[in-house]
Each structure stands twice: as structure tokens, then as C-alpha cells.
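One chain comes next, on its own, written out as C-alpha cells in the form predicted alone.
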């Protein structure tokens, strides 16, 4: 773990042990160059503390890339609440309030929203002790609600850029799209795709969701083990990260990848593997910023929903810029996107 922290290029890590619940609270602040660090709160069990810390560090860096790529005035951070295997669900409200107290003590250095394992209702509880440094509270508590529909909208616009790049037409009509994960982002993304005339396949592990999309909406269901072997135009990972790796990439039968999952590449060289296979990759830290950008804009900057929609639409132009840079300089789209990010962060540092 010492080498993990030493080799990380972020600013600071705050670690607290919540003794009543047995949970570890990790807040990784990667960058405050563009503004206060903002990121989601991931709550789940991990194999060990090192895995939780590594997840927090990687996700925090991803948030920096997202905001910098969008030229948005926020820094990147992430919170991970690592639950013990014996976690008592009755301890959850108290644990969330203790986490809120920590946010309050940090005085805005890190500002939190929901992520995997947390919801707007949880943000309401966290805000009891952590306000005003909490985003995505429920509308009943004065917040803008969940960010999933906004993230999905950004991914949809990113897919339009993919279609423009590949087919010279941004319409998704009759394009076959495989959506992996039908949760808070995958579900509204599927609705947008169907509205635009796409042919949607889906993969999911939750039986209730499978029944909804397969039996009610009559969408083709792809078992998780067959996801990477199923032909499609666009593969949209909308679950957990690390799914694009040396084992899965050779199996892919898609033309492009554009999804909301964070840290989709298991390692940087996976971008090269995709390029060698002529699979166009839409970097996840470019395409998935819509939710954070819209919610922060609405709750902190006074944007109307129309203004938020217009800002999220800009993801399309950013993605096209990434594709052009990658093509012109013969580099991966991941490298092109990071070049844009580095340029904006360096510009900010030098001021």
C-alpha cells in the first residue's frame, strides 16, 4: 500500500475507520487545480483494504480527467466506503452521518455525490451532517435528484459522435447497440437509444431487470458470459470497470466502444490493443461526465434544465475533437483525450 500511495500522482488521501460499523472511509483528492475536488461516494465490500484504496485512487484520477476534458471548474476526487463482510445494515444511517461529519470537517475540500452503492436518498442522510458539501439530494430535500439520466444523455451524445466518425451520420437508427448493465445509467440510455431507432441488446445479472427488459420490452437478452462474443455496432459498458483487457479484447465483435462505466481499460496498453483491432474507443472519462456536470451546474451554478442539456450536448464535440486528434497524430483515442486533459491542467497550473 505504501508503494501504491507513493506512485499515485494525486494530492492527498484521507482515511478514517468507523469503529461502530467496522467500515473504512477513504477520500482520495486527486486534483484541485480547476476547483474543489468533487466525486461520487462508492459503498461496497472489497476483498481487502488495499483493493478499496486502489479503487479510490483510480476513480479520483478519472474524475480529474472528466472535469478537465469538459473544461469544467471542478477538481477530481472520490470517496470509497469499504464495508466489512459482516456489515450490519442497521448501522448504515449512522455510518452515512459519520461520513457527512468528515465532509463537514474538510470544509469543502471534497464535495460528494452518489456512486455505486449509494443513492440520492443516502445523500439526504449524509447532508444531515455534511451539508452544504453534498450533491444529488432528492428533490424533496432541495436537490436535483439522481445523475443517471444526465450521464446517459452524455453517453448518447458520445455515441452520436462515434456514428459520425465511423458512418458519417450521427443517427443511431438501425445501429446495433449492446448495453452491459441496466442500472441508473443503462436504463435511461436504453430509452434514448430506442427512441432514436437503435436495435438494442442488453446484458444484466439482476433477475428483476432481466424480466423487465426481456419480457416487458421484448429486448434480446445476452447472458454475461456471451457479451464479448456477440456482434454489434457499439458496445456500451455501463456496469463496473476493468472489463476491457487482454482476455476480453480479442473476443470483441463490435466496431466501437462507448459506455458509462468508469475505468473501462484494465491497463493503459489496452487502448493500443483496441486500436490494433480497429475498434473505436470513446474514452470513458470523456463520455461519462454528463451526470456530474449537469447536477453541479443545476445545484451550484443555477443552470436551468435547458442549459444543463446544452452543456451535456457539448460532449459530442469534445469526442469528435478526440477522434480527430487521434487520427491526425496516429495515437490512441485514450492518449488523445489525456493530451487534451494535460493541456488544460498545465494551463491552469501556470496561471
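Numbering follows the first chain given and starts at 1. Please read all numbers here as calculations on a predicted model, not as lab measurements.
As for the form predicted in complex with a small molecule, it is not shown, yet the points below apply to it.
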Which one, 281, 135, 235, 99, lies within 4.5 Å of the small molecule in the predicted complex by heavy atoms?
135
Report the residue, out of 52, 319, 70, 295, that has at least one non-hydrogen atom within 4.5 angstroms of the small molecule in the predicted complex.
295
With a 4.5 Å heavy atom cut-off, would you call residue 63 a contact of the small molecule in the predicted complex?
yes
So in the predicted complex, is the small molecule close enough to residue 262 to count as touching (4.5 Å, heavy atoms)?
yes
Would residue 312 count as touching the small molecule in the predicted complex under a 4.5 Å heavy atom rule?
no
Applying a 4.5 Å heavy atom distance criterion, does residue 38 contact the small molecule in the predicted complex?
yes
Select, from the options 135-143, 197-205, 273-281, 235-243, the stretch whose residues sit within 4.5 angstroms of the small molecule in the predicted complex by heavy atom distance.
135-143
